[in-house]
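Take a look at this one chain, the form predicted on its own, written out in structure tokens.
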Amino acid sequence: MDEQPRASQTVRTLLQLRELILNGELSPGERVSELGIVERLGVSRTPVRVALVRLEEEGLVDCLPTGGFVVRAFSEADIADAIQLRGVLEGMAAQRAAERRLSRDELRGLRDVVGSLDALVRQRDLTIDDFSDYIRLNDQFHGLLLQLADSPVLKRSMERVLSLPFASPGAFVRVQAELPESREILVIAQEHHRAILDAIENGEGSRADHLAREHSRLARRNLDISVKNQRQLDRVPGASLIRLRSA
């Protein structure tokens, strides 16, 4: 088999296996049968083995001492740690971007996203579609922040954290759609976005770092809200992997 088709099959197997886990078709604590996955996905054993090793690196499965893999469960503390770690990395990215003393042209993309978010948040009544647009723009903001840091090490570290779906910047925004204080939370988040941009434009590294870390705490606030309401928690990507103490 040529290298390119083999690589494509491995990537496809990884995506399919990850989807089975995140959709709850493979439950936390369930042993992942290599042969069973081969039969289920209709692929050879090699891409399944490679995919399982990659999923272990991402933290979605654990390797058993006796061999094989088991789907991992995540506690509230695990999620809080992932959110905090994302905040640390984004703080470093914001500081690095500020210290690079970027030009107005280099910051145009980030400024445009912040402007679009401003227009969205200023709307009086926000619909579900508006929240979807917010998530898309919010993801763009955080992606650009990392891009402007221009650090391969930070990029790889962030990719590792974001392999856990509930650690992403938009994971808990979906929860806000049904909350009475949803607009208030979005306004605060947008104030953070604009302040981070301002700190980067003015070369204020320490301030940018602090603001980005503080910004990530909004996700922790939404996590605290989610764990009190199973219906809201179910809206979080990868919710089937979350095991609360009361469960």
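Keep in mind that this is a model prediction, so the values were computed, not measured. A residue's number is simply how far along the shown sequence it sits, counting from 1.
Another form, the form predicted in complex with another copy of the chain, is not on view; read the next lines as being about it.
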With the partner omitted here, the residue among Ile135, Leu162, Leu85, Leu102 that in the predicted complex has a heavy atom within 4.5 Å of another copy of the chain is Leu85
The one option of Glu39, Glu57, Glu191, Glu184 with any heavy atom within 4.5 Å of another copy of the chain in the predicted complex is Glu57
Only one of 140-148, 88-96, 124-132, 110-118 sits within 4.5 Å of another copy of the chain in the predicted complex by heavy atom distance, namely 88-96
Original post:
Non-hydrogen atoms within 4.5 angstroms of another copy of the chain in the predicted complex: do Val153, Ser157 and Asp209 all have one?
Top reply: yes
Worksheet item: Quick one: does Arg221 come within 4.5 Å of another copy of the chain in the predicted complex, counting heavy atoms only?
Response: no
* Heavy atom to heavy atom, is Val43 within 4.5 Å of another copy of the chain in the predicted complex? -> no
**Asked** Just to confirm, Val70 within 4.5 Å of another copy of the chain in the predicted complex by heavy atoms?
**Response** no
How about Ala195: is it within 4.5 Å of another copy of the chain in the predicted complex, going by heavy atoms?
no
